[in-house]
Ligand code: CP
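Single chain ahead, written as C-alpha coordinates, the form predicted on its own.
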(Lines give C-alpha, C1' and ligand atoms only; values in the text may rest on other atoms or scores of the structure.)
Protein backbone atom coordinates (compact mmCIF):
# COMPACT_ATOMS: atom_id res chain seq x y z
CA UNK A 1 0.00 0.00 0.00
CA UNK A 2 1.41 3.39 -0.99
CA UNK A 3 1.57 5.42 2.25
CA UNK A 4 1.15 8.70 0.35
CA UNK A 5 -2.27 7.56 -0.83
CA UNK A 6 -3.70 7.19 2.67
CA UNK A 7 -4.36 10.81 3.61
CA UNK A 8 -7.67 10.79 1.75
CA UNK A 9 -8.83 8.02 4.10
CA UNK A 10 -8.53 10.31 7.12
CA UNK A 11 -12.04 11.27 8.16
CA UNK A 12 -11.86 14.41 10.36
CA UNK A 13 -14.88 13.25 12.38
CA UNK A 14 -13.21 9.93 13.14
CA UNK A 15 -9.98 11.66 14.09
CA UNK A 16 -11.88 13.96 16.46
CA UNK A 17 -13.47 10.89 18.04
CA UNK A 18 -10.05 9.32 18.60
CA UNK A 19 -8.65 12.38 20.39
CA UNK A 20 -7.93 11.33 23.98
CA UNK A 21 -8.66 7.65 23.30
CA UNK A 22 -6.80 4.77 24.88
CA UNK A 23 -6.36 1.41 23.15
CA UNK A 24 -6.94 -1.46 25.56
CA UNK A 25 -8.39 -4.02 23.09
CA UNK A 26 -8.71 -3.73 19.32
CA UNK A 27 -12.33 -4.82 19.61
CA UNK A 28 -13.03 -1.62 21.59
CA UNK A 29 -12.45 0.34 18.36
CA UNK A 30 -14.67 0.31 15.29
CA UNK A 31 -13.31 -0.94 11.98
CA UNK A 32 -13.32 2.60 10.49
CA UNK A 33 -11.35 3.79 13.53
CA UNK A 34 -8.75 1.06 12.97
CA UNK A 35 -8.57 1.93 9.27
CA UNK A 36 -8.00 5.58 10.18
CA UNK A 37 -5.33 4.66 12.74
CA UNK A 38 -3.42 2.60 10.18
CA UNK A 39 -3.75 5.39 7.60
CA UNK A 40 -2.07 7.69 10.13
CA UNK A 41 0.60 5.05 10.81
CA UNK A 42 1.33 4.76 7.09
CA UNK A 43 1.70 8.53 6.72
CA UNK A 44 4.02 8.69 9.74
CA UNK A 45 6.06 5.79 8.40
CA UNK A 46 6.48 7.52 5.03
CA UNK A 47 7.56 10.77 6.68
CA UNK A 48 9.91 8.91 9.02
CA UNK A 49 11.57 7.08 6.13
CA UNK A 50 11.91 10.36 4.27
CA UNK A 51 13.80 11.79 7.24
CA UNK A 52 11.22 14.47 8.06
CA UNK A 53 11.02 15.68 11.69
CA UNK A 54 8.02 14.23 13.50
CA UNK A 55 8.25 15.99 16.86
CA UNK A 56 4.52 16.47 17.27
CA UNK A 57 4.70 15.88 21.06
CA UNK A 58 7.87 17.69 22.02
CA UNK A 59 9.02 17.49 25.67
CA UNK A 60 6.21 15.20 26.83
CA UNK A 61 6.77 12.07 28.93
CA UNK A 62 5.94 8.63 27.54
CA UNK A 63 5.96 6.27 30.52
CA UNK A 64 5.77 2.48 30.18
CA UNK A 65 5.38 -0.32 32.73
CA UNK A 66 6.51 -3.83 31.76
CA UNK A 67 5.45 -6.69 34.03
CA UNK A 68 6.98 -9.23 31.60
CA UNK A 69 10.13 -9.53 29.53
CA UNK A 70 10.26 -7.68 26.23
CA UNK A 71 12.79 -6.52 23.68
CA UNK A 72 10.87 -5.50 20.57
CA UNK A 73 7.91 -3.82 22.23
CA UNK A 74 10.15 -1.88 24.64
CA UNK A 75 12.24 -0.75 21.67
CA UNK A 76 9.14 0.14 19.65
CA UNK A 77 7.70 2.20 22.53
CA UNK A 78 10.98 4.04 23.06
CA UNK A 79 11.48 4.57 19.33
CA UNK A 80 7.93 5.75 18.74
CA UNK A 81 8.00 8.19 21.66
CA UNK A 82 11.43 9.56 20.70
CA UNK A 83 10.46 10.12 17.06
CA UNK A 84 7.49 12.19 18.26
CA UNK A 85 9.73 14.31 20.49
CA UNK A 86 8.64 12.63 23.74
CA UNK A 87 10.94 11.44 26.50
CA UNK A 88 10.40 7.67 26.89
CA UNK A 89 10.80 6.16 30.36
CA UNK A 90 10.51 2.39 30.67
CA UNK A 91 10.46 0.63 34.03
CA UNK A 92 10.12 -2.92 35.29
CA UNK A 93 6.62 -3.24 36.74
CA UNK A 94 7.94 -5.37 39.59
CA UNK A 95 9.88 -2.34 40.85
CA UNK A 96 6.70 -0.29 41.32
CA UNK A 97 4.69 0.06 44.50
CA UNK A 98 2.18 -2.44 43.06
CA UNK A 99 4.48 -5.08 44.57
CA UNK A 100 3.85 -3.47 47.96
CA UNK A 101 0.09 -3.26 47.81
CA UNK A 102 -0.59 -0.09 45.83
CA UNK A 103 -3.74 -0.53 43.75
CA UNK A 104 -3.81 -0.11 40.00
CA UNK A 105 -6.08 2.92 40.40
CA UNK A 106 -3.57 4.54 42.77
CA UNK A 107 -0.76 3.77 40.34
CA UNK A 108 -2.72 5.46 37.57
CA UNK A 109 -3.25 8.59 39.67
CA UNK A 110 0.44 8.79 40.58
CA UNK A 111 1.62 8.36 36.99
CA UNK A 112 -1.11 10.61 35.62
CA UNK A 113 0.32 13.51 37.57
CA UNK A 114 3.38 13.63 35.31
CA UNK A 115 3.12 11.24 32.38
CA UNK A 116 1.55 12.36 29.11
CA UNK A 117 0.99 8.79 27.86
CA UNK A 118 1.30 5.38 29.47
CA UNK A 119 2.09 1.99 27.95
CA UNK A 120 1.57 -1.22 29.93
CA UNK A 121 2.54 -4.86 29.39
CA UNK A 122 0.83 -7.23 31.84
CA UNK A 123 0.23 -10.48 29.98
CA UNK A 124 1.01 -13.61 31.96
CA UNK A 125 -1.99 -13.99 34.29
CA UNK A 126 -5.43 -14.67 32.82
CA UNK A 127 -8.11 -12.31 34.06
CA UNK A 128 -5.66 -9.76 35.46
CA UNK A 129 -3.71 -7.88 32.78
CA UNK A 130 -6.46 -6.07 30.91
CA UNK A 131 -8.36 -5.41 34.13
CA UNK A 132 -5.21 -3.82 35.61
CA UNK A 133 -4.91 -1.52 32.59
CA UNK A 134 -8.51 -0.40 32.86
CA UNK A 135 -8.10 0.36 36.56
CA UNK A 136 -4.93 2.35 35.84
CA UNK A 137 -6.82 4.32 33.21
CA UNK A 138 -9.61 5.01 35.73
CA UNK A 139 -7.04 6.30 38.20
CA UNK A 140 -5.56 8.64 35.59
CA UNK A 141 -8.96 9.91 34.45
CA UNK A 142 -10.18 10.45 38.02
CA UNK A 143 -7.06 12.41 38.92
CA UNK A 144 -7.26 14.63 35.82
CA UNK A 145 -10.96 15.31 36.41
CA UNK A 146 -10.51 16.05 40.12
CA UNK A 147 -7.71 18.55 39.46
CA UNK A 148 -9.25 20.20 36.40
CA UNK A 149 -6.29 19.08 34.31
CA UNK A 150 -7.17 19.11 30.58
CA UNK A 151 -4.23 16.94 29.48
CA UNK A 152 -4.90 13.82 27.43
CA UNK A 153 -3.09 10.83 28.94
CA UNK A 154 -3.90 7.77 26.83
CA UNK A 155 -3.13 4.24 27.99
CA UNK A 156 -1.73 1.88 25.35
CA UNK A 157 -1.97 -1.88 25.81
CA UNK A 158 1.51 -3.22 25.06
CA UNK A 159 0.23 -6.77 25.66
CA UNK A 160 -2.20 -8.19 28.17
CA UNK A 161 -3.80 -11.54 28.89
CA UNK A 162 -6.48 -10.96 26.22
CA UNK A 163 -4.84 -9.10 23.34
CA UNK A 164 -1.59 -7.68 21.98
CA UNK A 165 -2.96 -4.72 20.01
CA UNK A 166 0.25 -3.01 18.89
CA UNK A 167 1.56 -6.35 17.59
CA UNK A 168 -1.57 -7.43 15.74
CA UNK A 169 -2.07 -3.96 14.25
CA UNK A 170 1.53 -4.09 13.05
CA UNK A 171 0.79 -7.52 11.58
CA UNK A 172 -2.27 -6.15 9.82
CA UNK A 173 -0.28 -3.20 8.48
CA UNK A 174 2.37 -5.60 7.11
CA UNK A 175 -0.24 -7.92 5.57
CA UNK A 176 -1.87 -4.96 3.82
CA UNK A 177 1.48 -3.94 2.40
CA UNK A 178 2.07 -7.45 1.07
CA UNK A 179 -1.54 -7.88 -0.11
CA UNK A 180 -2.47 -4.35 -1.28
CA UNK A 181 -5.76 -5.56 -2.74
CA UNK A 182 -6.89 -6.37 0.81
CA UNK A 183 -7.34 -9.42 3.03
CA UNK A 184 -10.82 -10.31 1.85
CA UNK A 185 -10.78 -13.93 0.71
CA UNK A 186 -7.24 -14.56 1.93
CA UNK A 187 -6.65 -17.65 4.07
CA UNK A 188 -4.50 -17.00 7.12
CA UNK A 189 -3.32 -19.84 9.36
CA UNK A 190 -2.86 -19.01 13.04
CA UNK A 191 -1.37 -22.15 14.51
CA UNK A 192 0.11 -23.34 17.77
CA UNK A 193 3.73 -24.42 17.41
CA UNK A 194 6.10 -26.22 19.75
CA UNK A 195 8.32 -24.18 22.05
CA UNK A 196 10.76 -25.44 24.69
CA UNK A 197 11.39 -21.99 26.20
CA UNK A 198 8.39 -20.99 28.32
CA UNK A 199 4.58 -21.13 28.45
CA UNK A 200 3.80 -18.08 26.35
CA UNK A 201 0.65 -15.92 26.74
CA UNK A 202 -2.52 -16.54 24.73
CA UNK A 203 -2.88 -12.94 23.64
CA UNK A 204 -1.22 -12.99 20.21
CA UNK A 205 -3.40 -15.74 18.66
CA UNK A 206 -6.47 -14.28 20.37
CA UNK A 207 -5.70 -10.81 19.07
CA UNK A 208 -5.08 -12.08 15.54
CA UNK A 209 -8.35 -14.02 15.51
CA UNK A 210 -10.33 -10.99 16.70
CA UNK A 211 -8.67 -8.50 14.36
CA UNK A 212 -8.02 -10.21 11.02
CA UNK A 213 -11.54 -11.60 10.77
CA UNK A 214 -12.84 -8.01 10.69
CA UNK A 215 -11.28 -7.50 7.27
CA UNK A 216 -12.76 -10.44 5.38
CA UNK A 217 -9.90 -12.89 5.98
CA UNK A 218 -10.53 -16.60 6.31
CA UNK A 219 -8.74 -17.35 9.57
CA UNK A 220 -8.06 -20.94 10.59
CA UNK A 221 -6.91 -21.50 14.17
CA UNK A 222 -5.10 -24.80 14.80
CA UNK A 223 -3.86 -26.24 18.07
CA UNK A 224 -3.47 -29.58 19.88
CA UNK A 225 -6.03 -30.67 22.42
CA UNK A 226 -5.66 -28.70 25.65
CA UNK A 227 -4.44 -25.46 24.06
CA UNK A 228 -7.76 -23.71 23.59
CA UNK A 229 -8.10 -19.96 23.84
CA UNK A 230 -10.45 -17.73 25.84
CA UNK A 231 -13.96 -18.35 24.55
CA UNK A 232 -15.07 -14.72 24.49
CA UNK A 233 -12.20 -13.85 22.14
CA UNK A 234 -13.19 -16.68 19.80
CA UNK A 235 -16.79 -15.51 19.84
CA UNK A 236 -15.57 -12.04 18.90
CA UNK A 237 -13.72 -13.60 15.95
CA UNK A 238 -16.81 -15.52 14.83
CA UNK A 239 -18.98 -12.40 15.06
CA UNK A 240 -16.43 -10.30 13.14
CA UNK A 241 -16.24 -12.90 10.37
CA UNK A 242 -20.01 -12.91 10.00
CA UNK A 243 -20.03 -9.15 9.51
CA UNK A 244 -17.02 -8.95 7.16
CA UNK A 245 -17.82 -11.92 4.94
CA UNK A 246 -14.72 -13.75 6.12
CA UNK A 247 -14.67 -16.90 8.20
CA UNK A 248 -13.24 -18.30 11.40
CA UNK A 249 -12.65 -22.03 11.75
CA UNK A 250 -10.77 -24.22 14.19
CA UNK A 251 -8.66 -27.25 13.32
CA UNK A 252 -6.87 -29.91 15.35
CA UNK A 253 -4.13 -30.46 12.76
CA UNK A 254 -1.46 -27.96 11.70
CA UNK A 255 -1.54 -29.32 8.13
CA UNK A 256 -5.24 -28.42 7.81
CA UNK A 257 -4.51 -24.80 8.72
CA UNK A 258 -1.57 -24.53 6.32
CA UNK A 259 -3.33 -26.11 3.35
CA UNK A 260 -3.93 -23.37 0.75
CA UNK A 261 -2.97 -20.57 3.17
CA UNK A 262 -1.77 -17.20 1.86
CA UNK A 263 -0.04 -16.39 5.15
CA UNK A 264 0.92 -18.46 8.18
CA UNK A 265 1.51 -17.44 11.79
CA UNK A 266 2.85 -20.44 13.78
CA UNK A 267 3.21 -19.36 17.40
CA UNK A 268 3.40 -21.18 20.72
CA UNK A 269 1.19 -20.50 23.74
CA UNK A 270 0.61 -22.23 27.06
CA UNK A 271 -1.93 -24.98 27.89
CA UNK A 272 -5.18 -23.31 28.93
CA UNK A 273 -5.75 -25.25 32.15
CA UNK A 274 -2.23 -24.54 33.39
CA UNK A 275 -2.55 -20.87 32.48
CA UNK A 276 -5.61 -20.82 34.77
CA UNK A 277 -3.60 -22.47 37.55
CA UNK A 278 -1.16 -19.58 37.35
CA UNK A 279 -3.90 -17.24 38.58
CA UNK A 280 -4.19 -18.74 42.06
CA UNK A 281 -0.43 -19.21 42.39
CA UNK A 282 0.20 -15.61 41.42
CA UNK A 283 -2.36 -14.29 43.90
CA UNK A 284 -0.71 -16.36 46.64
CA UNK A 285 2.71 -15.07 45.48
CA UNK A 286 3.80 -18.71 45.47
CA UNK A 287 6.93 -18.66 43.33
CA UNK A 288 7.61 -22.36 43.84
CA UNK A 289 4.13 -23.21 42.55
CA UNK A 290 4.58 -20.88 39.58
CA UNK A 291 7.83 -22.66 38.68
CA UNK A 292 6.17 -26.07 39.02
CA UNK A 293 3.30 -25.01 36.72
CA UNK A 294 5.82 -23.73 34.18
CA UNK A 295 7.68 -27.06 34.22
CA UNK A 296 4.45 -28.98 33.62
CA UNK A 297 3.53 -26.65 30.76
CA UNK A 298 6.87 -27.23 29.03
CA UNK A 299 6.53 -30.99 29.51
CA UNK A 300 3.08 -30.81 27.91
CA UNK A 301 4.53 -28.80 25.02
CA UNK A 302 7.19 -31.48 24.46
CA UNK A 303 4.49 -34.01 23.56
CA UNK A 304 3.85 -31.98 20.39
CA UNK A 305 7.33 -31.47 18.95
CA UNK A 306 6.01 -32.24 15.48
CA UNK A 307 4.04 -28.95 15.44
CA UNK A 308 6.70 -27.03 13.51
CA UNK A 309 6.55 -24.71 10.51
CA UNK A 310 8.91 -26.57 8.18
CA UNK A 311 9.51 -26.89 4.45
CA UNK A 312 6.95 -29.69 4.10
CA UNK A 313 4.19 -27.63 5.67
CA UNK A 314 5.11 -24.49 3.74
CA UNK A 315 4.74 -26.56 0.57
CA UNK A 316 1.08 -27.13 1.51
CA UNK A 317 0.33 -23.39 1.31
CA UNK A 318 -0.94 -21.45 -1.69
CA UNK A 319 1.85 -21.40 -4.26
CA UNK A 320 4.00 -23.48 -1.92
CA UNK A 321 5.52 -20.50 -0.10
CA UNK A 322 3.06 -18.46 1.93
CA UNK A 323 4.07 -15.32 3.79
CA UNK A 324 5.52 -16.35 7.16
CA UNK A 325 4.74 -14.09 10.13
CA UNK A 326 5.85 -14.13 13.75
CA UNK A 327 5.85 -11.67 16.64
CA UNK A 328 9.43 -12.73 17.52
CA UNK A 329 11.52 -14.10 18.98
CA UNK A 330 10.72 -17.39 17.27
CA UNK A 331 12.13 -20.61 18.67
CA UNK A 332 14.18 -21.65 15.63
CA UNK A 333 14.25 -25.42 15.27
CA UNK A 334 11.08 -25.73 17.37
CA UNK A 335 8.39 -23.30 16.20
CA UNK A 336 10.01 -22.84 12.79
CA UNK A 337 12.64 -24.69 10.77
CA UNK A 338 15.92 -22.78 10.26
CA UNK A 339 15.55 -22.76 6.46
CA UNK A 340 12.06 -21.23 6.64
CA UNK A 341 13.18 -18.55 9.08
CA UNK A 342 16.23 -17.70 7.00
CA UNK A 343 14.08 -17.22 3.89
CA UNK A 344 11.72 -14.85 5.79
CA UNK A 345 14.31 -13.18 8.04
CA UNK A 346 13.94 -9.76 6.40
CA UNK A 347 10.15 -10.12 6.19
CA UNK A 348 9.70 -10.67 9.92
CA UNK A 349 12.05 -7.76 10.68
CA UNK A 350 9.96 -5.47 8.47
CA UNK A 351 6.81 -6.81 10.14
CA UNK A 352 8.29 -6.03 13.57
CA UNK A 353 9.23 -2.50 12.58
CA UNK A 354 5.59 -1.65 11.80
CA UNK A 355 4.99 -1.63 15.56
CA UNK A 356 6.99 1.59 15.94
CA UNK A 357 4.67 3.41 13.56
CA UNK A 358 1.53 1.89 15.07
CA UNK A 359 2.59 3.20 18.49
CA UNK A 360 3.36 6.60 16.98
CA UNK A 361 -0.09 6.67 15.39
CA UNK A 362 -1.80 5.71 18.66
CA UNK A 363 -0.06 8.53 20.48
CA UNK A 364 -0.66 11.03 17.68
CA UNK A 365 -4.39 10.39 17.25
CA UNK A 366 -4.91 10.55 21.01
CA UNK A 367 -2.87 13.69 21.65
CA UNK A 368 -2.40 15.90 18.58
CA UNK A 369 -5.26 18.32 17.83
CA UNK A 370 -5.96 19.00 14.15
CA UNK A 371 -3.91 15.95 13.23
CA UNK A 372 -5.00 15.80 9.59
CA UNK A 373 -3.64 19.31 9.00
CA UNK A 374 -0.37 18.46 10.77
CA UNK A 375 0.01 15.36 8.60
CA UNK A 376 -0.49 17.42 5.47
CA UNK A 377 2.49 19.50 6.58
CA UNK A 378 4.60 16.37 6.97
CA UNK A 379 3.82 15.35 3.39
CA UNK A 380 5.33 18.56 1.93
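Residue numbers count along the first chain shown, from 1. No experiment lies behind these values; they were computed from the predicted model shown.
Quick note: we don't show the form predicted together with phosphoric acid mono(formamide)ester (CP), though the next part is all about it.
Contact annotation: residue 167 falls within 4.5 Å of phosphoric acid mono(formamide)ester (CP) in the predicted complex, judged by heavy atom distances.
Remark: residue 69 counts among the residues lining phosphoric acid mono(formamide)ester (CP) in the predicted complex, judged by a heavy atom distance of 4.5 Å or less. Using a 4.5 angstroms threshold between heavy atoms, residue 327 counts as touching phosphoric acid mono(formamide)ester (CP) in the predicted complex. In the predicted complex, phosphoric acid mono(formamide)ester (CP) sits within 4.5 Å of a heavy atom belonging to residue 73. Stretch 159-167 is the answer when you ask which of 81-89, 244-252, 159-167, 293-301 has residues with heavy atoms within 4.5 Å of phosphoric acid mono(formamide)ester (CP) in the predicted complex. Looking at 114-152, the one residue that comes within 4.5 Å of phosphoric acid mono(formamide)ester (CP) in the predicted complex, counting any heavy atom, is 121.
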